[in-house]
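Quick heads-up: it's one chain on its own, the form predicted alone, in structure tokens.
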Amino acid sequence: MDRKQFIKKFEHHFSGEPRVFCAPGRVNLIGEHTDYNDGYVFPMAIGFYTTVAVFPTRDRKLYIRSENMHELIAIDLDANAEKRHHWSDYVAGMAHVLEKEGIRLPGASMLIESDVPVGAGLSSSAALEMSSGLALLSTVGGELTGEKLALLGQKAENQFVGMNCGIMDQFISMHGKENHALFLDCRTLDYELVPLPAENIRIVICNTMVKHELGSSEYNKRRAECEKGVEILRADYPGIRALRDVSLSQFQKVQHKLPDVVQKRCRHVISEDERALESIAALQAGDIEKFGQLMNASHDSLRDDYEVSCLELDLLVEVARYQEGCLGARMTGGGFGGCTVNLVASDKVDVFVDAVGEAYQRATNLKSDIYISVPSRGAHEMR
């Protein structure tokens, strides 16, 4: 987004000299369905951003225009905050949680534009929450730590929008760094930025263009099955709070005590936490091939043990793995559709994109949207 051009757009709709903030979407490289088990995730910010221009008013109203939706919404900060089941809920939710924190907002004119793909599982919602959160804070000259703003974004989504998400999306949108992915402990929020060699590697994200309806109900079932596993495993390991507290070797000693389905779910989460830890060690040792192998193993576990993949995801992964220069491929996100993430040698990306897109369309009659990125910068003010 060109800052000067965006300010001109703002001035077409509103008066004042705005400040401009942006926040990225994200893709998770490994560590899937571990977040709600207090485990580890390894996302990176992608080079697609939601941008917000903002200028304070003094009437306690937010005037929010979306360039993508060609729509202007007014929100009265003195009225009872209620969600509208609308894109503006993410901004209204951020205003609501900031006010609950004792930050009284004056009102503002806001222009929003985004190139984060919507509905692809790349966290366009967190990008909107974090960019609008920074924008709203600027109207009072306020500052919060990145961790605090991420937690408020999660609260806005959980309590206002009504989506029971974990902390990963908002956290990586705030803390992303160029040429680094972020290893996050979802229990403690301790994190480490891990270099990813962007000079010879690209992250290629392939969208299946499908989202199967059973996703949300199956997600809740998986959470319940994990909780059941913890309950049973406590008989042997009384100190555990979540599956992240059980090592793979401990699990293998007692797994026969679990019902078959619960055993599979627990095996995925526990082995995925170990893969996430191994991934960091591999990258720190410069072993990008090993990291790709761990991504492959992650997909196989999600497909076979956690059973959240689908025909389209498996097809995209299978086709990708046949391509020269592909070091690893897996589904990313909740599953039952959405995207795959692929680790591809930078000099093979163009051939990879053409071959995978063509093979997928031939097999499904669906044209995959394909996005290429390197690890990118987190939320910031554009100056």
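What you are looking at is a predicted structure, and each value in this text was computed from that prediction instead of being measured. Residue positions are given as counts along the sequence shown, with the first one as 1.
FYI, the form predicted in complex with ligand ADP isn't displayed, but the following is about it.
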**OP:** Would you mind picking out the stretch of 141 to 149, 195 to 203, 123 to 131, 271 to 279 that comes within 4.5 angstroms of ligand ADP in the predicted bound form, counting non-hydrogen atoms?
**Re:** 123 to 131
**OP:** Given ligand ADP in the predicted bound form, answer whether the residues Tyr90, Ser114 and Glu157 all have a heavy atom inside 4.5 Å of it.
**Re:** yes
Original post:
Val254 near ligand ADP in the predicted bound form, any heavy atom under 4.5 Å?
Top reply: no
**OP:** Decide whether Asn68 counts as a contact residue for ligand ADP in the predicted bound form under a heavy atom distance cut-off of 4.5 Å.
**Re:** yes
Original post:
Counting only non-hydrogen atoms and a 4.5 angstroms cut-off, does Lys211 reach ligand ADP in the predicted bound form?
Top reply: yes
Original post:
With the cut-off set at 4.5 Å between non-hydrogen atoms, does Pro106 touch ligand ADP in the predicted bound form?
Top reply: no
**OP:** Note which of Leu248, Val118, Leu311, Leu189 lies within 4.5 Å of ligand ADP in the predicted bound form, where distance is taken over heavy atoms; exactly one does.
**Re:** Val118
